[in-house]
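In structure tokens, the next block holds one chain alone, the form predicted alone.
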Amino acid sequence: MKKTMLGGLSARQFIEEYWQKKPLLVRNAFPGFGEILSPNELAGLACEEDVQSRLVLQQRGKWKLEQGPFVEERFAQLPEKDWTLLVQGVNHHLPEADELLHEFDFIPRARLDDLMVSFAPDGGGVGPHFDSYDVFLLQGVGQRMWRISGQDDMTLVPDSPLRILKNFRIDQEWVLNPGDMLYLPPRLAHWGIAVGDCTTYSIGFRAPSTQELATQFLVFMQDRLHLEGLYADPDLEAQSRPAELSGQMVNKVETMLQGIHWSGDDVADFLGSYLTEPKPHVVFERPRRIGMDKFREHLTKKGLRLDLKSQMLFRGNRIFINGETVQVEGELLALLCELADKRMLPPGASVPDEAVALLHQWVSAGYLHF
């Protein structure tokens, strides 16, 4: 972590005083910060099939949303102002973007979502809104004006393709210059407006809803549930209404379902799998097949790094990678935890024999590269 990025605060101070509590503006958080990619390169990414991108335009007081991928000619048709191009998951495609995210390693990677990059000419933005997640807004080239509000009124503009706040009230306003950064906690109303051409880097931290977690956890538990017995009713009572669902049957099934239990280990395994599961658009490119002898040679000479799209976490003796789970011990566990933390193994790293086959399997799947 750069000493300047939290304005002189330690990571602990920032978390205790600001994280999920109140905004923090840091001037010159990243001294000399410029472009990771140019507007033309960003537009090029937005034309790729495996990249999530959006165009937001404001025309005659109304908001318009277009979803990518785009064709190159679309950008030549855009007006001179009042539009924004947003590209998600730039860290999946550029090593420099992935390196930027490492500056935020003081926040657990299980919370990290991705790096979104937006470009806008003068007046461009996505309107006054609020997010359900934490975000650091790092200014690249140009300037952007940020307006924030602690309002409780979250009424949205009806029939809009975007979640635009109907009654936005400005409490504070700042213009961010290159290298400045603004942290915003969840549900804080805000509105960013480009002052001339500008690029903004948004480091977002995921916050799944309780409903989403519950739904996905129950799906995950399907393969772990083993309930004995069959429905039985030797005490069946005769009914005058044959189509009526009896209270007796409801009570019996309720008792049967009370046999559903889970443990902390079940929850941990679910989270590891769920949080590393690739998004639907993510595809791993499998390399040309490499034999085990050649693999060992390359491993020693070149080391390994996680693919930019790979997600890897660990807890106890369990390793989670791209939705998969492996249980390991000893030297192998220490090695894989190191790989998860640093996202690479340097050349010449000591790799136990038991790790070679597993690493070879992950390289073959496209999860790792030399």
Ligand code: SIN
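Worth saying up front: this structure is predicted, and the values here are computed from it rather than measured. A residue's number is simply how far along the shown sequence it sits, counting from 1.
Another form, the form predicted together with succinic acid, is not on view; read the next lines as being about it.
When contacts are defined as a non-hydrogen atom within 4.5 Å, all of 126, 137 and 202 contact succinic acid in the predicted complex.
Taking 299, 181, 148, 116 one by one, only a single residue has any non-hydrogen atom within 4.5 Å of succinic acid in the predicted complex, and it is 116. Proximity to succinic acid in the predicted complex, taken as a non-hydrogen atom within 4.5 angstroms, holds for one residue of 277, 131, 98, 82, which is 131. Contact check for residue 86: a heavy atom falls within 4.5 Å of succinic acid in the predicted complex. Interface membership of residue 190, defined by any non-hydrogen atom within 4.5 Å of succinic acid in the predicted complex, is confirmed.
Remark: residue 92 does not count among the residues lining succinic acid in the predicted complex, judged by a heavy atom distance of 4.5 Å or less. Considering succinic acid in the predicted complex, the lone stretch of 118-126, 264-272, 205-213, 249-257 in range is 118-126 [heavy atom distance within 4.5 Å].
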